[in-house]
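First comes one chain, alone, set out as structure tokens in the form predicted alone.
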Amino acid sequence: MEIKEAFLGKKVLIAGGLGFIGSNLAKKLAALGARVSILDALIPEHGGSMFHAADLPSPADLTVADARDEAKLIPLLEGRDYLFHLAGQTSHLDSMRDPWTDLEMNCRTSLAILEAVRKVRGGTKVVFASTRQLYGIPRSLPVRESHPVVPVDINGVHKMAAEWYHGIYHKVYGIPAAIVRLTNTYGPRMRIKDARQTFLGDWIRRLLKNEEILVFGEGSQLRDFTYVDDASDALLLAACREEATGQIFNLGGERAISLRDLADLLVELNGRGSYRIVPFPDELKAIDIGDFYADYSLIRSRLGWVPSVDLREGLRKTLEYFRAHGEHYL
């Protein structure tokens, strides 16, 4: 089934729908004719923003509540065709500084969502947004889904546990679920006030404020990036395609790029700015994974997904968006 046809008139709930990826996904689903509702706790450190609610057709489509609140969650799940689970914490450093909160945000939240789906028994398809961070330090590149899972930080451990919860609820209770492992997603609406979501957000903030970009290490590390519209398309395919049920898929970018070259490209696209190579802060160096870029051949062969927005164009669109709306993010 094609994306254009799959969501027309379907009832969709997005947990974490006022955040970066969730709000972009909501906008795309609404354009496809889906009946979209959003659940978001608006936890300040997690990137959710009421500014993103402006795209909702009606205030009734938004529930500001924690996904761990069963009394609020279960009524929202009645009759839902799809649930996109994007709720949780993404900061690796925060997870090391406060592992208990990360446990609550990523493990207990996932269990609460899955338990609610099980109790409703409505056949809701669940798509969980996971992370490439759970692979840890790559043993070979590009990283395939069969690569050993050896997280280097608490956030990776908890995301790994959340994946297992989804797998168990699929196998034991028959809940249709699919998992997409995101890698360095970027684009409009990303968090840029700090590096909690991605270092690239911090770089963009520095450019907008005419501050120097700080590139940690030697600048030679390789990374791949996925534009948010491409990531949203992957989540939609994982939801509507039956062959995605019970599967785990990597996302990736069209090419890997060194951090130094990435900084050069950003400065070029911005028309001004500079960067400086600086040593890794100790707490970041301890959980750094070195070079990483993903093999997304599985989702390409199974679902036909490929990234369509190249890095130059995606960064151009991102900078353009934040020049227009930066006051809502800085």
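A quick note: this is a predicted structure, and the numbers were derived from the prediction, not measured. Start at 1 and count along the sequence shown; that's the residue number.
There is also a form predicted together with another copy of the chain; it is not shown, and the following applies to it.
Every residue of the trio Glu115, Asp153 and Val157 has some heavy atom no more than 4.5 Å from another copy of the chain in the predicted bound form. Contact with another copy of the chain in the predicted bound form, defined as any heavy atom within 4.5 Å, is confined among 23-31, 282-290, 36-44, 264-272 to 282-290. This chain appears without its partner; in the predicted bound form, the one residue of Leu111, Ile74, Leu208, Leu214 with a heavy atom within 4.5 Å of another copy of the chain is Leu111.
Contact with another copy of the chain in the predicted bound form, defined as a heavy atom within 4.5 Å, holds for exactly one of Gly79, Gly219, Pro99, Gly246, namely Pro99. Though the partner is left out of this view, Ala256 does not reach within 4.5 Å of another copy of the chain in the predicted bound form, counting heavy atoms only.
Of the heavy atoms in Cys107, some are within 4.5 Å of another copy of the chain in the predicted bound form.
Another copy of the chain in the predicted bound form comes within 4.5 Å of no heavy atom belonging to Tyr186. Remark: Ile168 counts among the residues lining another copy of the chain in the predicted bound form, judged by a heavy atom distance of 4.5 Å or less. Shown without its partner, the chain has Ala161, Trp164, Tyr165, Ile168, Tyr169, Val172, Tyr173 in segment 161-176 as residues with a non-hydrogen atom within 4.5 angstroms of another copy of the chain in the predicted bound form.
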